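Following this are structure 1 and structure 2, which are two forms of one protein chain, each written alone as structure tokens.
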Structure 1
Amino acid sequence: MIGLEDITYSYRTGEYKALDHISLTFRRGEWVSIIGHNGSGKSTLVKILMGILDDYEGSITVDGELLDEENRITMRKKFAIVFQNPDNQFVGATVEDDVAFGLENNGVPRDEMVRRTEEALKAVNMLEFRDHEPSRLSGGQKQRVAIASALAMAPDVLILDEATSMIDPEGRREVLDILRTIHRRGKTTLIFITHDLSEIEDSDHAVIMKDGQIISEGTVEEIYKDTDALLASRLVLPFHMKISKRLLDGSFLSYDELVERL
């Protein structure tokens, strides 16, 4: 379990609070989606969790242990993140090296490393690009590789910060399917940031941020109903819910249920 307790953060001391008194809990195995307008603080929040930004006010506990200078590096091993811009995280000269890098760092034996690298690249359909240089891939291919690198780590906590924004719809569905499988196993905590509300439907818990604060949280159904918070944070319901609102009673339903009821 991870607990954020009253976290406040400014990129420059005394200035604008990118995070403004945030308290939030992530339970083990839980899928939590974070949504909110551009600049609301989503990426800042996960960078704090990862220990990339550290001079915050408030406290963070991971599995009961308070995060501090000393244990930051060991704690970080529990996390894997896919950044919003994949270029920021490539370290290997080839796609394969890139995926293997984190495993090697964590002392995973060679045989297992090779197997996990292959599995992860296969899962995102990038095995045939194993010898390519990550920086010389198309936008969607880069995002796929970045996701593979995080998956291969099999982390306790997997963070995806708009990780599929340039992937084609079919590829996005595949990534969501992978997440569902991981979620079912119940061991990995998923922290998922997106602007596409149709992608949050499998999460156990969703959080709406606005100007560095949490303005609403709950189940997906509760979030969909919180019209004021959605509007305030520049969010728009997914297509099938929009149609449901216009033509039916607006109740929470899936696409298939919509087709049935129309």
Structure 2
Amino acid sequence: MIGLEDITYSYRTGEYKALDHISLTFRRGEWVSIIGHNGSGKSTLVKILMGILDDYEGSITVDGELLDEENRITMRKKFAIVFQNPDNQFVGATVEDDVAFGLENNGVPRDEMVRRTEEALKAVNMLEFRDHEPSRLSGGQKQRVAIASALAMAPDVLILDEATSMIDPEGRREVLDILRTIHRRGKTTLIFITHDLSEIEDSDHAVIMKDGQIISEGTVEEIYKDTDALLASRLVLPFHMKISKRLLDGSFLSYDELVERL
């Protein structure tokens, strides 16, 4: 779906490289988690994927087509993004208005707009809140509405940029459950940006970034076993992962799997 080849970016000429020769492949329908602390280059990578930053070195292909000035706007329509703070994305007076906003902006016919809005709200279990004011929702509900707004645009790629970092544990579980449902359908490529290792368990592929470089990538289990990369990036294994490793012959189990095994 997306190929990044030798992407390098500096915010000012000659300064420290925010991205330093990054090459990555995102397959269609795949869930890829990109992990790292502030300053690792995650947000810069997102801005380049979304077309916000375009003066990078290297090349990007989307659906096998080289991204350039002529097709940048068209290609951008294949992407949708959910940000860290859902309040910054709300523009409608009601949940339904907010989800429909992007569709209306793009001139989608009314009948189709109503259908896609309803389907998106159903997908995130928020249809019953369609007439509510977004400001009166919980943090998790707000983020689910933000995801619905993105899904209504029928993107090929859904990017979540620290989308769980400002909500409580219950809201975080709600959002991750929604992502699992989207992933099971296999139609949308998920790019999940986080600094929390406990949130990557359902990923097909995971990448650790530090100082603008990829220092480790592979399956989730491979990432959990890469002690050197975890130490270098100051990432800490989730508590249940530490327990499963200590008690179960070095195996790494999800929280639910660990509970069942114990």
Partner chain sequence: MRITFKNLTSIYHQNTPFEHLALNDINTTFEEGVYYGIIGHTGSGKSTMIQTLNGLLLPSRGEVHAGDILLRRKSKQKDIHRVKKHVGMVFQFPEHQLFEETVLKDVMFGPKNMGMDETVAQEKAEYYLDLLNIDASLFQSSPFDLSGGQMRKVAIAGILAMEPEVLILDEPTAGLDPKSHIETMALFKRIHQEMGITVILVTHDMNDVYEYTEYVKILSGGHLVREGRTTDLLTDEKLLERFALEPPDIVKLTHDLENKGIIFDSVPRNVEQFTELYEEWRAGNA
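We call the rigid core the largest set of C-alpha positions that still match within 1.5 Å between the two forms. What you see is a predicted model; the values in this text were computed from it and never measured. Structure 1's sequence is the ruler for residue numbers, which start at 1.
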Requested in this report: Give me a 1 or a 2 for the form predicted alone.
Outcome: 2
**Report entry** Core fit, then Leu179 C-alpha moves 2 Å or more between structure 1 and structure 2
**Finding:** no
Query - Core superposition between structure 1 and structure 2, C-alpha change of Arg76 at least 2 Å - result: no
Report summary line: In degrees, the rigid-body rotation of the smaller part relative to the larger between structure 1 and structure 2 is 24
Report summary line: Expressed in angstrom, the C-alpha movement of Leu137 between structure 1 and structure 2 on a rigid core superposition is 8.2
Report task. On a rigid core superposition, how far has the CA of Asp256 moved between structure 1 and structure 2, in Å, if you could check? Result -> 4.0
